[in-house]
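Below, in structure tokens: the form predicted alone, a single chain.
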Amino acid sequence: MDDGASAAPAVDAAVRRVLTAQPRLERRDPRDLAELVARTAVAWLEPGSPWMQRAVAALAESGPFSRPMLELGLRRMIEPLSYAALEALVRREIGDWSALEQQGGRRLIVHVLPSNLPGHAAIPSALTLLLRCGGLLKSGRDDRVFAPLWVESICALDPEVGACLEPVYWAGAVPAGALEAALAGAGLVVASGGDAAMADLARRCAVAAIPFIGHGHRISAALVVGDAIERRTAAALADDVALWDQLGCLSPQVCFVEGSRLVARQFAEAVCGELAARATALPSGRRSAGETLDLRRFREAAAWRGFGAGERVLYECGGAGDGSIAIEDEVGLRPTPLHRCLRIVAVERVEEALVVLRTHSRLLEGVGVGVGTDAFPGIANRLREIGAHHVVPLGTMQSPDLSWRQGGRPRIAEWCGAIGMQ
């Protein structure tokens, strides 16, 4: 499927197939559906999985990521889908399984998936089945591979359930034709993407009187407290920056380091060494001409600042795309060009960083923390109070489980209300 108009007939047919198949889910025990999802995840995660092999091979050829990145990253996307985690989510958000047995209204959830990372279809489709809804999975531009394979793998285990999910694609976020066909049968639209696209989609859903849950642009950061500035902290931060080439909303772009500017430079040098080491084990992927230019400008701007100040403020961790670290004077939360570009800001006290993060709480998603074990709970609570939705130790930012409330919103409780189950 390409443009919205030419894709419309195929999307309309997909919607009709899902709406025809979905009533069969009403006879299924939600616990059995959770068990099916968990078995599907195991089928992908077991050594030599043909599903994983097919996805990695196809995505490495068609998308921007390297094979090692895909092999690691896709596992992180799927690992949260254990039966125990799904059951814990149900109990945490809606009480117990019996709440999922209620009859709702229209039972098709349309998912407009982001194009920044592959594998985004796994969790939304799994949760959609848990609610015994049908799902339309509109893939992002750079990931037209995963959703069809994921649905195929569910069908291999249970064709009746697999028939309730349909992967679709059309060019652009909200073109006419295909979107209207998708909305025609929708009881809820859940979407992630750029702010402009989310605003337009929200407007279209409002006109059609369809509930809409949108997740727009977010940014994440890191915070390192003085007594935790050591090699393993640098390695943990490098892991979070390198995974997915920093293109996810949980990828840290700015790191606040408690201490002097000299301490910040020493820490930057350590992180740079760790990023350079990952260039071999976890090589960066392809970049567009525009992305390459942005990366070059980031390096040149930092180099000129250092030249003017008479000190080193740019750390180049190998070739372009392997890592670039800039020591910043401004205590702020400025985004980077991504692709393993990191700003490091020295702060005298942790409170300075908290003030900045509170100021940007509307855009703040996650914070990775490097701090002693005993001090972590206190700092984590303060970060959550100022609006961070994902606060974890450094090195684990890119491995969220189902307890992560993206944008501060519940995983499924809000969906249940939108489709008339609460």
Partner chain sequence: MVPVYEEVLAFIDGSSDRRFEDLALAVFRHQVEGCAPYRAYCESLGLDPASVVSWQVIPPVPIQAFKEAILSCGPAERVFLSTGTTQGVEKRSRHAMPDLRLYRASAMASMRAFFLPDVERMGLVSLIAPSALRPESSLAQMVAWAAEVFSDGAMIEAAPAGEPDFDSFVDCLRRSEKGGAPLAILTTTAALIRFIDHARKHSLVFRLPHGSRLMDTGGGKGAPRPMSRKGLLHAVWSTLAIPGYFVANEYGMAELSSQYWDSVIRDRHDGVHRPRALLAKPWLRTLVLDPITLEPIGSGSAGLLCHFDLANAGSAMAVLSEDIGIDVGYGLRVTGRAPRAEARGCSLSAAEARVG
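Since this is a predicted model, take the numbers as computed values, not measurements. Numbering follows the first chain given and starts at 1.
This protein has a second form, the form predicted in complex with the partner chain, left out of what is shown; the following refers to that one.
Within this chain, residue 265 is remote from the site of the partner chain in the predicted complex, having no heavy atom within 4.5 Å.
Among heavy atoms of residue 167, none comes within 4.5 Å of the partner chain in the predicted complex.
Interface residue remark: residue 338 is counted as part of the site for the partner chain in the predicted complex, having a heavy atom within 4.5 Å. The partner chain is not drawn, but in the predicted complex it has a heavy atom within 4.5 Å of residue 64. In summary, the region of this chain contacting the partner chain in the predicted complex, judged by heavy atoms within 4.5 Å and restricted to 191-199, 77-85, 268-276, 319-327, corresponds to 191-199.
This chain appears without its partner; in the predicted complex, the one residue of 71, 230, 158, 291 with a heavy atom within 4.5 Å of the partner chain is 291. Among the residues 162, 187, 148, 248, the one placing a heavy atom within 4.5 Å of the partner chain in the predicted complex is 248. Within 4.5 angstroms of the partner chain in the predicted complex, the stretch 357-387 places a non-hydrogen atom from each of 360, 363, taken in sequence order.
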